[in-house]
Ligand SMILES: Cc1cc2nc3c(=O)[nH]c(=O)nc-3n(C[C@H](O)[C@H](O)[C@H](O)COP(=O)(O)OP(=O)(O)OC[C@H]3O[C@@H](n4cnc5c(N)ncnc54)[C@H](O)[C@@H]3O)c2cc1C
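One chain follows as structure tokens, the form predicted alone.
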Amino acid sequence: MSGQDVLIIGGGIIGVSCAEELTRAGKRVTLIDKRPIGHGCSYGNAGWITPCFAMPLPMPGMLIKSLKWMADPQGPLYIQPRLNMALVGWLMRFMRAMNQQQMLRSIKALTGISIYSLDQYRKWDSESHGAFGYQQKGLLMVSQTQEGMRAVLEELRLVSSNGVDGRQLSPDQVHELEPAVDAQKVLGGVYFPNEAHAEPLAAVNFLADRSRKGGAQLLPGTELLELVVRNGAIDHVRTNHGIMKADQYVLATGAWSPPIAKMLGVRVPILSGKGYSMIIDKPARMPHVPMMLIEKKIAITPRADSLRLAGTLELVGVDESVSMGRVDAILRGSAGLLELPQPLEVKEIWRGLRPCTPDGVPIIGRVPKLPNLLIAAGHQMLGLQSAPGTARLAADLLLDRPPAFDPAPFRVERFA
């Protein structure tokens, strides 16, 4: 292949969003992925498009919480113990990012690209008549402890100052809004009325179709083998289907970005955070609003004829094994709030590797030492909700347009 403007490596929601944005700008785009399009971390996430959830992982006070969670083998956070200098370096940066100033900068950056993305998804849905399951029913965060209520009210305070609407609810108001929740089981919650959700794989496929209609070539089953650098820039890439060449390259490979960037001598501190989701039968008292169980960090998303439950974060290497203890913990935690069908039949169990940067903000920017390479990776749990905004910023930088968002918080060299 030759004569392409942009070659995108990675066919998840970030990669296809970049392809859609660039083809809309009139660029000739090819996208490759060794898997089917959308079958990595974009396949089975909670499907949330929720600017209220634009919070970085390293929040002030997270260290103590993390240690408490790690003491519980089935808690919402787990760090796989291993002697690994990359892990040690990541954790040191993670701890340094746990400060008020960094948190406020990160929330502003994340809410900016998330609000833009929500508006874009809404526009696409109005044009496509439900092609990717978009519904704007808001998001309900519920708490069963005083500590959880303090946490969710603090989150409300932080995101409301960045343009996200929300309101506190009493237990009775939680039940009135969502009858599937017994008021006796919660201390209260916060409702964010403007948030939305969609089917994650359908969203990827929708954007992939838009890209193809714009002229992009999407090549699943195409594995990157080598990036060849000449004269201070990427000259071409080798794949299992031959050599491919373009003017500019976008690395949108999520949790797999560090070893690929290492081929080029570029350090990308992304750690894989394994998450789980499962689909269960529709309960008799079916929730109609997506919910977050604050203490358990469990996401509950209604679907057309079933319920998706998602949660946990295991900071691991590129490890895609399934811990049934984690799966069972999500099921038990959900059953502590909802009346789930008994016996409970799980229709599908999925796990995916969320790409986590140590400061909780994705990397979106050109690589200084390789001017024709842009990295768009490291979106932790916010890939779907921030993908259109990420694509807009990436395209602005690639096309030398005035950026829609301040690129500084996302720059690659902040980890140098």
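Bear in mind that the values here come from a model prediction, so they are computed numbers and not experimental data. The first residue of the sequence shown is number 1, and the count goes up from there.
There is also a form predicted together with the named molecule; it is not shown, and the following applies to it.
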Inset, instruction - Can you work out whether the named molecule is within 4.5 angstroms of a heavy atom in all three of 252, 354 and 380 in the model of the complex? - result: yes
Legend entry - Touches the named molecule in the model of the complex: residue 9 (any heavy atom, 4.5 Å): yes
Legend entry - in the model of the complex, residue 33 touching the named molecule (heavy atom, 4.5 Å): yes
Inset, instruction - Would you please decide whether residue 40 lies within 4.5 angstroms of the named molecule in the model of the complex, comparing each non-hydrogen atom pair? - result: yes
Inset, instruction - Answer for residue 109 alone: is it within 4.5 Å of the named molecule in the model of the complex, judged on heavy atom distances? - result: no
Legend entry - Option from 149-157, 173-181, 321-329, 252-260 whose residues, in the model of the complex, bring a heavy atom within 4.5 Å of the named molecule: 252-260
Inset, instruction - Could you tell me which one of 102, 135, 222, 120 places a heavy atom within 4.5 Å of the named molecule in the model of the complex? - result: 222
Inset, instruction - Could you spot which one of 90, 124, 116, 276 gets a heavy atom to within 4.5 Å of the named molecule in the model of the complex? - result: 276
